[in-house]
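First, one chain by itself: the form predicted on its own, in structure tokens.
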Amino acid sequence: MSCKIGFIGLGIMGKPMSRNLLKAGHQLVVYDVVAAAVDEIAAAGAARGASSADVAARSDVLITMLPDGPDVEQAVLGPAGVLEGARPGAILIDMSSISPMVSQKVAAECAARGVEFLDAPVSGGEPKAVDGTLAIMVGGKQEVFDKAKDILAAMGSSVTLTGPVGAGNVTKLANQIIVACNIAAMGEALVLATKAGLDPEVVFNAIKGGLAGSTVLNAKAPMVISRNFKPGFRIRLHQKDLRNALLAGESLKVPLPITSLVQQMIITLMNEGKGDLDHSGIVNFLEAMAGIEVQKPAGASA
């Protein structure tokens, strides 16, 4: 069923997600502070919004896909924000990866205006955003989730209600901890193998079918071995997620020692100007410590 949807935030993830909504037959109004991004999606069939408030006034369901909590607060609660235009009964789905505490704050402000709210962060990076196969983790009321599920299904192959508002982002933080720590562990392993004179590609192929195998390993090891750090998900955004995880851990009195260590690696890389590399670039920190790059030995067949 077609629905009037507003989409705010047309970055690496937001653009392909909005395209998939158009492909599913939804009417779309879009807005981004970068005019060129709006032009691109308008050329694909979306209507242009003049502001977040304008998008909200023209939509039944609003989706925000923004970098961090302050951006969401600005777009929703700020001047010319969503709540200045949204009608009572509208649904706001924030698909940004932010602090669960910020999700709960925004949800409370929405409730005061009669607007329903779901937090629905995603996992899968740009490739799965393009394919429409994201994993979407949702927090909110069951009845609101039921109304929005088909819309979310146009962007993801897995759509799961994980609990009340904030639960989606807690689940995403758990996801991001596992991904970051997996990349760091993979980096240590491949650096060790390379330093020992082994072909890291052979090592990868040998272990990927065993207990060490994972989606992270399959996606990121080939990137590292080929020295391809083109961002599907940037290091600086993973730093933001781990910061939010550590803040959540502090508020809940949950120690996160491994997460903290990987966070320090990422901050070091950002200080070296590598914040816009793909998060597979976490390996660069470990390579620098060992004084070697993960790559095929000289003379090895490509």
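Numbers for residues come from their place in the sequence shown, where the first is 1. Since the structure is predicted, the reported quantities are computational estimates derived from the model, not experimental observations.
From this point on, the text means the form predicted together with nicotinamide-adenine-dinucleotide, which you will not see here.
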property: Contact segment among 123 to 131, 147 to 155, 195 to 203, 180 to 188, judged by heavy atoms lying within 4.5 Å of nicotinamide-adenine-dinucleotide in the predicted bound form; result: 123 to 131
property: Residue 58, heavy atom within 4.5 angstroms of nicotinamide-adenine-dinucleotide in the predicted bound form; result: no
property: Distance check, residue 14 to nicotinamide-adenine-dinucleotide in the predicted bound form, heavy atom within 4.5 Å; result: yes
property: nicotinamide-adenine-dinucleotide contact at residue 74 in the predicted bound form, heavy atom, 4.5 Å; result: yes
property: nicotinamide-adenine-dinucleotide contact in the predicted bound form: residue 240, any heavy atom under 4.5 Å; result: yes
property: Residue (of 270, 256, 248, 33) lying close to nicotinamide-adenine-dinucleotide in the predicted bound form, criterion heavy atoms within 4.5 Å; result: 33
property: Residues within stretch 224 to 239 having a non-hydrogen atom within 4.5 Å of nicotinamide-adenine-dinucleotide in the predicted bound form; result: 232, 233, 237
